[in-house]
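The chain below stands alone, shown as structure tokens; this is the form predicted alone.
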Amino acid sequence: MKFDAIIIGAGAAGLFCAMEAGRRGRKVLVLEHNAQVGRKIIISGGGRCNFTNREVRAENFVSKNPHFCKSALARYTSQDFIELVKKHRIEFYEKKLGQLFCRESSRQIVEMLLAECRQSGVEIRTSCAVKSVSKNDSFEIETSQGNFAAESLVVATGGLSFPKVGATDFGYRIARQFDLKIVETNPALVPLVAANSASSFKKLAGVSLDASVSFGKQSFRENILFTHRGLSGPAILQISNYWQKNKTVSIDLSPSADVSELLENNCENRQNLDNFLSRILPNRFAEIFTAEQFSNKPVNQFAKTEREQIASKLNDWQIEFSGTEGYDKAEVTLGGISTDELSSQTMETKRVKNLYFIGEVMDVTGWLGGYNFQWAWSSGFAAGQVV
């Protein structure tokens, strides 16, 4: 069967591209190896789908070429997607930092995309595994449901994160087949494993606190969460996009208080250190941190140098991580098809005519907070206008 465009992958980017191409009267086929479409959309945001962010800028993305995403983001904005959500009468709310979530269920976003695809005549085949791709005059696709051909091929197969919902390296295999450059991939937006996973991490597992986490020039202030093996929580997930092995991360465990000043102003205080610190830190953390790092005695018994050590440990904790919790726990994949290979206007490869890559499979990775979905919509829109 012959189509104008075949899209491999019925996730956020693939479905969005399909509906846009269909609106232009193109005959579009979407192939999905899972039994259902949009599986990553469904599980995202705790089942509520953080579908975009009110404030989207190029600085919210990590790529070898930080300017690549600007064109697509400008042409299809978060406000454009919000208007589509409103058109389908999906109720949503802002959680924090501009993050928008469905009030009811992430399935509403999938239903919206499917409704738009139906309206524009898109054919979708699920449980359809692609066996091979070849290019002569057109693209020939051999699948478990027969052979198909199309003038344009769009690869929207995502990254390696969440293998349990069917993530594979298929997109990278297609890129290699056509000799396209790939930026090394790594788990991103992922919990980090402490280099010295001492007993203190196990004891602190479950404790969450407001912190400012920094690596290089990047800094994020949100919650961190202690795990049995290291640290998680929004601020850690954010910094994982920038973290490099064998380099320390700086964590301010008390960003609202200068601990040095606090201790200096209360140097005559007779409270035990853990009780004193629980003014600014969770009780359990203050208790375990004090027992592990210092002797728990009254504040007035600490020498000035000891007070400075305590303050340094709390306002500038230097920690080394040995690695991440891997793709199973990663929300997205860092790296992917090099943007050097692609047009920033259309997402078409420069060397292979009518071959496009969109969404997470590319070397464009967003921060936590709806940015990766916005990249799916914007890159899908860019390709959908031309395929």
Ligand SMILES: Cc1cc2nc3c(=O)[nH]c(=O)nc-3n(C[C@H](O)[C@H](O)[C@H](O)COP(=O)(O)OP(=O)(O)OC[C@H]3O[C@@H](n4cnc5c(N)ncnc54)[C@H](O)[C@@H]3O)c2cc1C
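Owing to the predicted nature of the structure, the values given are computational and were not obtained by experimental measurement. All residue numbers are counted from 1 along the displayed sequence.
Unshown form predicted in complex with this ligand; subsequent notes refer to it.
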For this session: Given that the partner is absent here, state which listed stretch (317 to 325, 339 to 347, 37 to 45, 65 to 73) has heavy atoms within 4.5 Å of this ligand in the model of the complex.
Result: 37 to 45
Problem set entry | Contact label in the model of the complex: residue 31 to this ligand, heavy atom within 4.5 Å | yes
For this session: Would you please decide whether residue 168 lies within 4.5 angstroms of this ligand in the model of the complex, comparing each non-hydrogen atom pair?
Result: yes
Exercise. Might residue 17 be said to contact this ligand in the model of the complex, defining contact as any heavy atom within 4.5 Å?
Worked result: no
Problem set entry | this ligand contact in the model of the complex: residue 130, any heavy atom under 4.5 Å | yes
Exercise. Which residue among 226, 276, 162, 289 has a heavy atom within 4.5 angstroms of this ligand in the model of the complex?
Worked result: 162
For this session: Give a yes or no on whether each residue among 81, 110 and 116 has a heavy atom within 4.5 Å of this ligand in the model of the complex.
Result: no
Problem set entry | Partner contacts for 1 to 22, taking this ligand in the model of the complex and a 4.5 Å heavy atom cut-off | 8, 9, 10, 11, 12, 13, 14
